[in-house]
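Take a look at this single chain, the form predicted alone, given in structure tokens.
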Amino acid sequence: MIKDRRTIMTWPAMLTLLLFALFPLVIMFYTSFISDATGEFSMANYAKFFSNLTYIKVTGTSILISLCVTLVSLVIAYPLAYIMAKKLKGLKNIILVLVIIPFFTNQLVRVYSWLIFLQDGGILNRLFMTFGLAENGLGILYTKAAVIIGLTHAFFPYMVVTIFMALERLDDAMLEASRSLGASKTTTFMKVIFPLSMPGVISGVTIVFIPCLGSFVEPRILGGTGGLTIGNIIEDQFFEIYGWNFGAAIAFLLLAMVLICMGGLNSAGKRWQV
């Protein structure tokens, strides 16, 4: 009887998920097969995507940018998370708050802050000119580099938090046992610390990489035409060109890429886990 009651209590949540998540996806999936030109049910939208080399190149650019953002975030986040979890236990909460402070501000405010910071004649440009590191403009704004910087700033905290949580659960006795058996710091890290923290790493990589694939705000403002991503194309189809059917097709192709990436990451994570 209690089990039945618990099942009934989950029905409102399941109904909400069905109405506001799954049902719209079904509608979009159906719409993606309706041709914008003829209104007929066909594969025209998907054929249009794969027959246009520009869309393929932009998709490749989006994947490359997402990989760069994920790699940079991981390289910066892992040492910071390790120091927070194992070296600065008394200050870890303060540092954690400092890491997540950017979430307290609006996304557009953060992006436009980078716009001001990176533009020629901006703060960074003047700083470089003061130390004689640059004579003219840096030329960073409206490039892929600017997009990577903006996206790294946006998603980096997620990587820190997930890795920090995994490292904090790591038993210090295992590290002491490794050292007492004669293992070096490098061996202890490669054989004990990193494999045990892999669930946090995989979660962080997933949380950073997948949203980057569909991001359009940072690429639009910081990248301009030089940082065009697949997210910008989808946004244009829905809000500028009003090619909703073609936009839905691209969105589902992006969803397919996301699912493939998630499957690959989960498989890689299982191989590393001990």
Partner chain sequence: MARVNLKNITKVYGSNTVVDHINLDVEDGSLVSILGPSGCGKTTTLRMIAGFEIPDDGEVLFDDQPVGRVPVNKRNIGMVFQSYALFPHMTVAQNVAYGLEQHGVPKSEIPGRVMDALERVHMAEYAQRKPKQLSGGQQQRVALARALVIRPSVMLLDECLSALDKKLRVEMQSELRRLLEESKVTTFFVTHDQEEAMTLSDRIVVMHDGIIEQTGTPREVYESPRNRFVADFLGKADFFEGKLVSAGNGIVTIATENSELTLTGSTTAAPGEDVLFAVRPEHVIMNPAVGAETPVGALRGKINHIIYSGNVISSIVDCGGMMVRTEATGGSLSREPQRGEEVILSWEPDYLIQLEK
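Numbering follows the first chain given and starts at 1. Note that this is a predicted model, so its numbers are computed, not measured.
Keep in mind that the form predicted in complex with the partner chain is missing from the display, and what follows is about it.
Residue in contact with the partner chain in the predicted bound form (any heavy atom within 4.5 Å), chosen from V192, I140, L124, M165: V192. Although the partner is absent here, G182 lies within 4.5 Å of the partner chain in the predicted bound form, judged by heavy atoms. Among residues of the shown chain, V99 is not one whose heavy atoms approach the partner chain to within 4.5 Å in the predicted bound form. The partner chain is not drawn, but in the predicted bound form it has no heavy atom within 4.5 Å of Q107.
Shown alone here, T187 lies within 4.5 Å of the partner chain in the predicted bound form, counting heavy atoms only.
The stretch that touches the partner chain in the predicted bound form, counting heavy atoms within 4.5 Å, is 195-203, out of 83-91, 195-203, 99-107, 141-149.
Contacts of stretch 161-183 with the partner chain in the predicted bound form, defined by any heavy atom lying within 4.5 Å, are made by D171, A173, M174, E176, A177, S178, R179, S180, L181, G182, A183, listed in sequence order.
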